[in-house]
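Given next, in structure tokens, is a single chain: the form predicted alone.
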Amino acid sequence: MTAAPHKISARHVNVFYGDKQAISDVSIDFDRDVVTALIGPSGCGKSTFLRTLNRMNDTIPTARVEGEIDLDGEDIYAPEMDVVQLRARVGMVFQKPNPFPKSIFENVAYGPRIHGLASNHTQLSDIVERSLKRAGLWDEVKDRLSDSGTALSGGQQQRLCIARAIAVDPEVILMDEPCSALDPIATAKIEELIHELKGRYAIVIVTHNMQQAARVSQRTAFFHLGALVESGSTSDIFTNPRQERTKDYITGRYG
């Protein structure tokens, strides 16, 4: 039986901001149905690398990406790649919840509407309901879909942003420290949600919280000073790391 091809393959990826190199020769694969955690000290390149996976670095004028990143075997940096379509396939949830200043309904409906995923209001309503249910938010907001998304609590706003990301039926979800601005109860809800979403998407999560990485991921990659030090199954990385630097970080010698 041949192994399923990787969802995303990155090979020899380098990222520069002007003259400064932020990522150095990173090669790693991400698979369907797997949560991969990117861990490492602040400023080690985790978020920069994450942003290469859906070309968010394109929005930074000085950023330059070298190497190859394939999504289902297609080079996402090829000139013919439609970046809008790419970002629908590879959704992103940011560190701070960033709902649009629109109603809860419109926040989730926005993507399906611009991508033409619904041909009438009933279909659109179905997508909104399904996305909010998957994001574990429906029961809390179903009676106030016309209220502003910005009126929700921080944890609810983050789940709204996850609902917004999954409404366009992505294949990959990138999460950049999605719980760092949240309290423990909201964090637990997001972690629970990541477990539930795992079977449907490839999920890549940047976290500075090692306990969180251990709880939510099946694979972990440790970054340090812009380089990928090692990656492997989460249990191996946490209990039996091959590299001294990984061991030092996991045991709290630096961070």
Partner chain sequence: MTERASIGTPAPTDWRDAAHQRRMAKRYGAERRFRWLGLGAVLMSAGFLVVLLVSMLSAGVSGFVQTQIALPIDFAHSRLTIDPAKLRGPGADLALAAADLGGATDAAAIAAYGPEGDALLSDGAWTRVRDQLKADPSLLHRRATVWVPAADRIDIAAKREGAPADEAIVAKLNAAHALKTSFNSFFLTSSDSTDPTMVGIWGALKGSLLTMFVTLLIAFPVGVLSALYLEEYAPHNRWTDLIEVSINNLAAVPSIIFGLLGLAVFLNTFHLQRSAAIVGGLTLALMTMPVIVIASRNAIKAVPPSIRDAAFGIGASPVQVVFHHVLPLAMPGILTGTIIGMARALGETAPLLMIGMRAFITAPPGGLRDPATVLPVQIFLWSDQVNRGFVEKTSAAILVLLVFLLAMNGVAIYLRNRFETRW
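Positions refer to the first chain, counted from 1. A quick note: this is a predicted structure, and the numbers were derived from the prediction, not measured.
What follows is about the form predicted in complex with the partner chain, which we do not show.
Visitor: Quick one: find which of 181-189, 73-81, 130-138, 113-121 has residues within 4.5 Å of the partner chain in the predicted bound form by heavy atom distance.
Guide: Careful reading of the contacts points to 113-121.
Visitor: Each of 46, 229 and 242 near the partner chain in the predicted bound form, meaning some heavy atom within 4.5 Å?
Guide: Looking in the predicted bound form, the three residues 46, 229 and 242 all stay beyond 4.5 Å of the partner chain (heavy atoms).
Visitor: Taking the partner chain as it sits in the predicted bound form, is residue 105 near enough to touch it, meaning that at least one heavy atom pair lies within 4.5 angstroms?
Guide: No.
Visitor: Give a yes/no on whether residue 173 approaches the partner chain to within 4.5 Å in the predicted bound form, heavy atoms considered.
Guide: No, residue 173 stays farther than 4.5 Å from the partner chain in the predicted bound form.
Visitor: Under a 4.5 Å heavy atom criterion, is residue 213 part of the interface with the partner chain in the predicted bound form?
Guide: Outside the cut-off, so no.
Visitor: Decide whether residue 59 counts as a contact residue for the partner chain in the predicted bound form under a heavy atom distance cut-off of 4.5 Å.
Guide: So residue 59 counts as contacting the partner chain.
Visitor: Can you list, in sequence order, the residues from 74-101 that come within 4.5 Å of the partner chain in the predicted bound form, counting heavy atoms only?
Guide: Residues within 4.5 Å: 84, 87, 88, 90, 91, 92, 94, 98, 99, 100, 101.
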